[in-house]
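Here's a solo chain for you in structure tokens, the form predicted alone.
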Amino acid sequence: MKNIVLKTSIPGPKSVALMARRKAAVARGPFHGTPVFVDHAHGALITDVDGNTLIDLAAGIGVVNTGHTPEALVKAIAGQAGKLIHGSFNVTPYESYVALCEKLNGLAPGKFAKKSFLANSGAEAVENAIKIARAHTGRPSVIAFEHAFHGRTYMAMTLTAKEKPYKIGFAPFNSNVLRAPYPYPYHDVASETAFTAFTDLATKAGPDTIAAVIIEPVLGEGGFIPAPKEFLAKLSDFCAKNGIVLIADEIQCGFGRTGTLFASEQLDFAPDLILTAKGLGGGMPVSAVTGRAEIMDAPIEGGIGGTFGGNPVAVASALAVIELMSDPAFLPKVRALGASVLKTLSSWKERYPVVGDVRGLGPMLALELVKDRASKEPFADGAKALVKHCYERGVVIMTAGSYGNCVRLLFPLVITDEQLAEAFEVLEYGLKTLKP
């Protein structure tokens, strides 16, 4: 990219004007990673209302894994919208809901009979998974992990670890939620240490009081930390021996984000329930709880549901996403992309002292920025500055991490080599000039 030292016209005058309108009309709560308003997008490129083109390395927070406005999804959405936009599966059911559940049952890890339930969002999938686990076990308590993010509704928010901004002003939270350490090697929390702490916590609580354990196989908001295989294996054994429902939240790390349909596949992990959203719908709001048939059937008829869950237009998009990812060339290409990106990020770690750690799984990768490599002091201001540096030069990135010092890469999996190289030139220049 030429003239990367110079700022572009981003945000342009139309975006600035729209932000003023937003502040006057929209509640303060929703955050914005960039001050740019989008007009249209395709593939990995966004065009804003001022005509600027930006390379998207955020993908709507890991949603448009198959790219913005792919032809197959647009066709499926338009075709379904012309036949049935809404019927409510609870009132007048339709075949596509059943078909998507059949697909998910067949694709999810684990060699056991499965059933699925569809909802609208990741948080709804989390809420329903906890309800299902409690109905199945008759127990009250749930164990979640440090650095977790599970959503913004009350149970999901309670399960979420990070206090600010997610919990400030919203107490009291749900009861019977316990928290265990998540393996975080960069900050000296080894797999064995974390599992010992988990078993101590579960033993003190009483395993026969625990309905569920919920874990992200790869932390999302927490900073893209994969759970070690040995940790997940021990967790699985403990839950199986004690009749505890083990839930994998794959809302961000699922649907191709790590180079396989589910991250759990690479981690030899077959949870009792697996949660999907984000990439499942390719941009349409749909989520799912998929798992052991006997557990999924625990709630009485009418015990779970919703007006819009499994909306026919969203389901049509999800089925098109699965079809795209079923192409034999799709996921191998994603894995090759991940290997290439990891090589680039690792070279940055060697050259730039502000990069303390590089980690992730497949192309789901993050940089953890530090002020000093010896102390590992988080450099959150540096991560914020890098976001600003990038969007002013036509690249969209996002931060993450419990300390706000990680830069996560969530580019559409269909991004071209040329687009990624151009974006990385901007990102690398920002790292090169970043000073604690």
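When you see a residue number, it is the position in the sequence shown, counting from 1. Note that this is a predicted model, so its numbers are computed, not measured.
The following text describes the form predicted in complex with a small molecule, which does not appear among the structures shown.
Novice: Given a 4.5 Å cut-off on heavy atoms, tell me which of 308-316, 147-155, 105-113, 76-84 is the interface stretch with the small molecule in the model of the complex.
Specialist: Flagged stretch: 147-155.
Novice: Counting only non-hydrogen atoms and a 4.5 angstroms cut-off, does Lys278 reach the small molecule in the model of the complex?
Specialist: Lys278 belongs to the contact set for the small molecule.
Novice: Decide whether Asp272 counts as a contact residue for the small molecule in the model of the complex under a heavy atom distance cut-off of 4.5 Å.
Specialist: No, no contact at 4.5 Å.
Novice: Would you classify Ser121 as touching the small molecule in the model of the complex, given a 4.5 Å non-hydrogen atom cut-off?
Specialist: Because a heavy atom of Ser121 falls inside 4.5 Å of the small molecule in the model of the complex, the answer is yes.
Novice: Hey, in the model of the complex, is Gln252 touching the small molecule, heavy atoms inside 4.5 Å?
Specialist: Contact with the small molecule, yes.
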